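Included below are structure tokens for two forms of one protein chain, each presented in isolation as structure 1 and structure 2.
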Structure 1
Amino acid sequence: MKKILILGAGMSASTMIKYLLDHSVQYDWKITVADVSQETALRKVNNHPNGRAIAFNINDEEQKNSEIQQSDTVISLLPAFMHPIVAKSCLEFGKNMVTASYVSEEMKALDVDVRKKNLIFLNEIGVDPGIDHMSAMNVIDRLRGEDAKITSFKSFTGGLVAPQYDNNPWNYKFTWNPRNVVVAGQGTAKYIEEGKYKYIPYHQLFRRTENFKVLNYGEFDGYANRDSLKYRGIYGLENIPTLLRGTLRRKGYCNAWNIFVQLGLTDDTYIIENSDKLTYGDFIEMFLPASNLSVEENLCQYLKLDSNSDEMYRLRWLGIFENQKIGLNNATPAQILQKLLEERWKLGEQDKDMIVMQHIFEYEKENRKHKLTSSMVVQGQDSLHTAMSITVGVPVAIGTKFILNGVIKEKGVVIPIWKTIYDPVMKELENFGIQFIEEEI
């Protein structure tokens, strides 16, 4: 019998817990689900005979050590900053560990000690990071094996609403943390294009988009993520002329979002006093020069927009020019914008989400140029097993299984860029509808 300890039973843990419980009889696993809220843990265990639900406090040293000591492998879906605390206990008691989070400097520093103890701490095995690494390396390793020279690699991922439920003019609903969506992209995006480093300041980000199609799902726009440059090292593409990672949205979203950025509405660094007394129309007016025009006309003039444009249609649909009170006091511009969007972009109870990922490769082989796309679309099943929960949770669960049964033999602080890891994991992901379709262009 093997014991698995799962720390954190929130939104993204549902499908992972279900997978592990579903396989627990076959593999003789005993699974402890630990969460700040015992009620949440109980709900996810759902009386499964091989499951145990406990209230868990990461700061309770005794409980933490005792639970980790009793387990064989520990999965942490806690907030990323807590992983090092868990990792140190795992190291002390000689337990393997799995997370879906980026490897922090603190985690990386444990590598030598983890190897010494013959353990694996497998990180970045969710969707992004996770499926992105595995599916990219799958193509990269194959092309390398064919002696192809990869000249360009662009990769875009996004969480959206599934087509059947995609019924607003933004083609977007919140399927994940709204705040992250509102402040997305702040800072400077860095990438490399045709051998030259490129820097995009935030206020240009949503106009510097790329348009592309994904399978038969139509058109998308992608904007660059913060630091694409570091992926050259991670993927072993040190000399690649073009490498860019980005976020995708439905076509037209970025153009309209750019208006918010141009106005300054996504700023989260200062508060507007007495904002509860304002209407959304007043709010927009604060970012425009004084004028006798209506707020809407003033905005069009200020940003040189056509009143009949798609962007303005999207803005009007949000009710952002109307006399509705904000009802949020001493809030930052970003918080005010988020409040309106949360009302308008709410995912309905029956709505399903969708994760879209596309890698676009250009390579040269036998003196001919090729273009290859590798695309994945996963739709949610219900409000518990969302596309996000499936794509984060299933790779974590499969990774854990392969550690327990010895299929994954790597040691140290690891991410799934090695064929020995991504190959078996991706094969099994296909059973869950998580598969990549390749198209040569």
Structure 2
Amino acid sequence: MKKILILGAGMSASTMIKYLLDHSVQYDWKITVADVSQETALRKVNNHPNGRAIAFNINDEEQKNSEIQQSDTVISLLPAFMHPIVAKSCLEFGKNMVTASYVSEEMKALDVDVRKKNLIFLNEIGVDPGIDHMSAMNVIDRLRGEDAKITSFKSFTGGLVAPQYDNNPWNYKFTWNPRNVVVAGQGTAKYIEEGKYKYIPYHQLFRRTENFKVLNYGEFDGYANRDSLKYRGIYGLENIPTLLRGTLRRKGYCNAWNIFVQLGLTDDTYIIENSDKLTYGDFIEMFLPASNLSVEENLCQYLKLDSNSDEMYRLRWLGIFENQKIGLNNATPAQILQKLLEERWKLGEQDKDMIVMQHIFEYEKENRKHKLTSSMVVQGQDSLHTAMSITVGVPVAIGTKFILNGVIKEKGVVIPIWKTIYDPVMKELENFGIQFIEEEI
């Protein structure tokens, strides 16, 4: 009997937990779901005979070590900064570990010791990062095998609302952590284009977008992620002239979101005093020059916006000019904006979300230029098994299964860029409708 410890039972964990419980009889697994809320863990276990639900406190050293020591493999879906805490205990007690998060410097520093103990800490095996790595490397390795020279690689992913439930002018609803959406892109985006390094500061990020068409799902705008340059080494594309990774949103979203950026509403570094006594209209006015104009008119004049523009229509729909009290004390601008957006962008109980991913490769082969587009669209099943939960959780679950079954044999702190990992995982993902459609010119 193998024991799996799952730390964190949030939205992204639902489908992963179900997969592991569904396979627990076949593989003789016992699964402990540990969450800060035992009630949440109990709901996810759903009375399965091979499941156990517990309240878990990462700061309770005795509980943490006891649960990890009793397990064979630990899955951490805790906040990313907690992964190294879990990893050090896994290393101490000789346990394999799986996460969907990016490899931090602290995690990377454990690689030698993890190898010495003949363990694997498999990271970045969610959707982005995760499915993006595996699907990209599948194409890259194939083109290399055909002696093709890859000259450009662009990769974009978006977590969005499915078309039939897309019923607001922003064409967006929250399908994952709202805070991450509000503070997305902060910092400077770095990439390479036609052999030249490019940098986009945050205040210009949502102005510098690129248009994409994905299968029959229409048009999207893509903005650059923070650091695309590091993927040259990760993907073995050190000499590639163009490499860019980014995020997808529906057309028009970025233009409207840019208004919040220009005003400073996404800033999370200081507190607005007595914010609970302000209305949203008061809040917006605080970021505008003194004027006898209305808040709307002042905003249009300040940012040179047409009052009848699509951007202003989206802002009015959110209610940011209204006299509704914020009701959030001593909050940062980003927290105030997030509170408003959570009220308006909530994914309804009947709503379904959608993950869109597209890779665009340009390459030369036998003196001819080619362009290959590889696209994936996954829609959620319901409000529990969302597309986000499926595409984050299922790769984690499959990776865990293959570690326990000996299919994945790599050791150390790794990500799924090796054929021995991505090939079996991607093949099984097809059973969940996670597959790529290729179009080539």
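Residue indices: 1-based, along structure 1. By rigid core we mean the largest C-alpha set that fits within 1.5 Å across both forms. Predicted model, so just to flag it, every value in this text is computed and none were measured.
Legend entry - Pair member which, unlike the other, is the form predicted in complex with another copy of the chain: Answer to the question: structure 1 is the form predicted in complex with another copy of the chain, whereas structure 2 comes from elsewhere.
Legend entry - Core-superposed C-alpha of S104 shifting 2 Å or more between structure 1 and structure 2: False for S104: its C-alpha shift is below 2 Å.
Inset, instruction - Return yes or no for V295: a CA shift of at least 2 Å between structure 1 and structure 2, with the rigid core superposed? - result: It does shift by 2 Å or more.
Inset, instruction - Align on the rigid core first; then say whether the Cα of N239 has moved by at least 2 Å between structure 1 and structure 2. - result: N239: C-alpha displaced by less than 2 Å between structure 1 and structure 2.
Inset, instruction - Would you mind giving the Cα movement of P178 between structure 1 and structure 2 in Å, after fitting on the rigid core? - result: Rounded to one decimal, the shift is 2.8 Å.
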